[in-house]
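The chain below stands alone and is given in structure tokens; this is the form predicted on its own.
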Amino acid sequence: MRSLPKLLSCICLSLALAAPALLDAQGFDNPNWWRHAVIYEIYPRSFADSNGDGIGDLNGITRRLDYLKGLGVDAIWITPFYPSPQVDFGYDISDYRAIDPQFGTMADFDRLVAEAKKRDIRIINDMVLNHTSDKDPWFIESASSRNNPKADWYIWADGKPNGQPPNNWQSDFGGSAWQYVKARNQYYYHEFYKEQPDLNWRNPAVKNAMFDICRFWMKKGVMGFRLDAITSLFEDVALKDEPYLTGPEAGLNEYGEKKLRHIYTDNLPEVHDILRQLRQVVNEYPGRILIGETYLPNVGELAKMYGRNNDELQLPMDTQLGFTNHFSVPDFRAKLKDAETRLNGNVPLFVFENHDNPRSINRYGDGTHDAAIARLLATILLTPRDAALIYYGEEIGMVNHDPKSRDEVQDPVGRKYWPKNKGRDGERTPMQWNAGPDAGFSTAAKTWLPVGGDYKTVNVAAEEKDPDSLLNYYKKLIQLRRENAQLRDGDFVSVDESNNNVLSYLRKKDGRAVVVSLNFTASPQTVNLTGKGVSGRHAKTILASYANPGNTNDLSNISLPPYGAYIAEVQP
């Protein structure tokens, strides 16, 4: 696959722009640390294997904390490590208060939390509230009869008189969302795999049990939760059939089924009631936060997730921007402005990669300018007014390494629908630490997923030694964002809005401004910002993603190479 050739970068961090006195703003005890945080997602199976079994674990994360400290992250979100049958690789939880042995022990987790805190790094747990594993004792009891103490902890319904499921609801992984259980002569609802039955959040006992689980982890030092599938907590009580899409959106989904409008199974109003109550639970422990997995159709729905009184999620994921999946200055400009003007002043959480979507270079790259594009994406992520989410390996330019045959596939959805859907293995391959065996991820003869074929050139060790690497560009961006008052706390102002080739904006604070210009094309571009929302004639370069940007530039004549990113202080 692709490797990232060297590109020279220029870093001219001015002492005048730095604000050392404000570096403590990210201090561990600051309850507002999350407002401009850099959060790093770790898929534990794939990050670092400490015991040589081919699967990453908690001790592996602990051993790599110094790397994360050097990168500059404020928190790490770890995807589920609880006991699980691993049907959906941890998102099917059978015990919410323990550690799956393949990832370690509770003592290992406690050590991770303590060592992370020493480095001012917070631990954020993935919390799956929508469903459990079908091997969870709660569900085993619920499925045993219609009159047991947990009989209504899940969504149960009678089938139709003809023996068919209760309605036409579809699983996100294809097929009916209903599974029959003979012991009850009923069906249970599962939005995802049949091994992931949905909880009944209309039952107060379910709510109280889950809230107590959150308290359990916060007492252990966890600084917050990323809430999986949070918009899916509730379903229509009457179990009405969902309507089929009509018009241009109609057709078949990737599983060959008629597309539905998910108006009775997603983003129901009751979700907000639960979020407000959960926020009160989290507020019992200062500095804790709630992050939401919020794939929503528009910014208006995203704005609701913060709560009318800022009393729900602190950081619902803004997937509007990072998953645009094509370069369009008007589209990116509109989505950045939406985040600035239509979230009621709240902080967006921008994300370009995660464990459920192909890597950003695969979605945005052109095979020729991928190195420059990776830097461009990093700049878009880390220079607006936002909290930023980085997926492990994104900072070194890891790309998808999809299975080449069905026999290689681990992800169940890939096995079922191969080759149309190859599953999510490609974006979950092991972290590439060095050019040694297993890319330094493990000492096993075979890792749970194969290491990417480009690991000898795309790896942490090689990029740490190269001052012009993508990794070091990320480090510079994060350092700049931390030290520069304008990029850390400044207002966001879009400028040069008639330009559809270059995206430009200002970050303004205390009468000073930093300008960011981003070339979205494969051709060189010249930008004239004078009189187009920028007060000043010249700019002092702070950082550029390309060679020789010059120390001082005329704002009427800024030259950007293909996919070049330029950051500078506006001079009077």
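Position 1 is the first residue in the sequence shown; the rest follow in order. Small disclaimer: the values here were computed from a predicted structure and weren't measured.
There is another form of the same protein, the form predicted in complex with ligand NOJ; it is not shown, and what comes next is about it.
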Would all three of 293, 356 and 424 be in contact with ligand NOJ in the model of the complex, where contact means some heavy atom lies within 4.5 Å?
yes
Partner absent here, but in the model of the complex, which of 88-96, 374-382, 102-110, 414-422 has residues with a heavy atom within 4.5 Å of ligand NOJ?
88-96
Since only the chain is shown here, I'm wondering whether residue 196 would be in contact with ligand NOJ in the model of the complex (any heavy atom pair within 4.5 Å).
yes
Just to confirm, residue 190 within 4.5 Å of ligand NOJ in the model of the complex by heavy atoms?
no
Can you tell me whether residue 74 touches ligand NOJ? I mean in the model of the complex, with a 4.5 angstroms heavy atom cut-off.
no
Tell me, yes or no, whether residue 139 is in contact with ligand NOJ in the model of the complex, where a contact means a heavy atom of each within 4.5 Å.
no
Please pick, from 266, 134, 438, 228, the one residue with any non-hydrogen atom lying within 4.5 angstroms of ligand NOJ in the model of the complex.
228
Please pick, from 150, 428, 482, 333, the one residue with any non-hydrogen atom lying within 4.5 angstroms of ligand NOJ in the model of the complex.
428
